[in-house]
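The chain below stands alone, shown as structure tokens; this is the form predicted on its own.
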Amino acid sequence: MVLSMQKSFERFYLKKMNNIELRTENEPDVSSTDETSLLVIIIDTNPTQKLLRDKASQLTTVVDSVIAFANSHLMQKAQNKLAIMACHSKTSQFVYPGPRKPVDVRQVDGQYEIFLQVEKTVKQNLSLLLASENSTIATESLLAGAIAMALCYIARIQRTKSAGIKLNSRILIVSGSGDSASQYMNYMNVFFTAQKQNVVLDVCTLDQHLSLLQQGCDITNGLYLKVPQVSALLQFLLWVFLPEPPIREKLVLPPPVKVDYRAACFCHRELIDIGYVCSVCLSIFCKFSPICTTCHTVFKIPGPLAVKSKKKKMKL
């Protein structure tokens, strides 16, 4: 009795297994792996920022929020790539992947090894960078140079990627510094280079409004956001900057603010509303100069406007 029931069950099981259609190796996978997202995060670590001068411990909050956001980006898809840079007053360098040998990590309390490696590598390289800074002179952050390094890194990854793989690249800047009009030309160069390379530039400012970086977001179709408080940084990063640019059109995001398209003069490096433009090299000046300091073109000094005399009507 038992043997007959067992044989009947085996026949029923084999019949069911034969009816199941197994996917062949030649059929395409539903989860496509031919698209990769590369995210480069630039953290402004300049100690002369106002929010760090007021409370230096806020840098720890910013770094922890950025690391959690970076791990969320890696969690979205196994093919996603990540790079993190630290922008300082004298240099900009990659803290992940770092220039040194990768840190050997083991699983701790069930944490994913890659997430732990990102955290330890970023904090170790960042502490070495901050320890090497001994100058107390207040200088501006080299954000334009950091963006240029990020674009070079993206171009290298684009050149060395496998054939048939589409690479979607974007750059996220997290900064609390003010506007730097002295880097105006450098900013414009990297903005239009990013536009040509189809790289989206996102900016998350922590303290002050950055009109020049806002222009870069508008040029590259990125997002610009001013966080009201540092303690809510992670929530805004996950809400606004974690989704890919094609997905953002379907989400309810903060409304865009009006773009400040003021240019910086070449003489004093200050943002101006009205100025003089050289007709040869397109340099901008806040005051009239008979000689262009960029291309040395000599202009004619405008004289007083001639006043036409009114003709007297003759009385008949």
Partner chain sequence: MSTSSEDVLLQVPSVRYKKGDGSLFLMDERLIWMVENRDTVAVSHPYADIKSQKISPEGKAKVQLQVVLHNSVSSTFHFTNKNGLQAQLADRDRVKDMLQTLLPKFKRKVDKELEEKNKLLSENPMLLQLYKDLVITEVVSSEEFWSQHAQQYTQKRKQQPQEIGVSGAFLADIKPQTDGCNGLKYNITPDIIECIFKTYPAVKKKYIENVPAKLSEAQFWTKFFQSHYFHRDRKYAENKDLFTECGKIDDQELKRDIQAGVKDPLVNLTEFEDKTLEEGYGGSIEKPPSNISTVSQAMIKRFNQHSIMVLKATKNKVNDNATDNAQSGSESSKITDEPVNKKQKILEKITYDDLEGEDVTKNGTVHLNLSKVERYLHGPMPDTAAEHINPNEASHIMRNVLQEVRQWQIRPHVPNHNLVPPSAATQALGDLSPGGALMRGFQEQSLAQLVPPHIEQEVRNLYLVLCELLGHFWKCFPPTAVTAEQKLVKMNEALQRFQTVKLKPFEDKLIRELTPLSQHLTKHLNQLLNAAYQKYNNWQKIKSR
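Numbering follows the first chain given and starts at 1. All values derive from a computational prediction rather than experimental measurement.
Separately, the form predicted in complex with its partner chain exists; it is not shown, and the next lines address it.
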key: Partner contact for A56 in the model of the complex: its partner chain, 4.5 angstroms, heavy atom   = yes
Indicate whether its partner chain has at least one heavy atom within 4.5 Å of a heavy atom of L225 in the model of the complex.
yes
- Query: Is there a heavy atom of T91 lying 4.5 Å or less from a heavy atom of its partner chain in the model of the complex?
  - Reply: no
query: Is the gap between D64 and its partner chain in the model of the complex 4.5 Å or less for some heavy atom pair?
result: yes
Checking A194, A86, L212, L172 against its partner chain in the model of the complex, the residue with a non-hydrogen atom inside 4.5 angstroms turns out to be L212
Its partner chain in the model of the complex has a heavy atom of only one listed residue within 4.5 Å, and of I219, L130, I114, L167 that residue is L130
Note: its partner chain not shown here; in the model of the complex, the stretch from 229 to 237, 155 to 163, 78 to 86, 198 to 206 having heavy atoms within 4.5 Å of it is 229 to 237
Of the residues spanning 284 to 299, the ones with some heavy atom within 4.5 Å of its partner chain in the model of the complex are F285, T293, T294, C295, H296
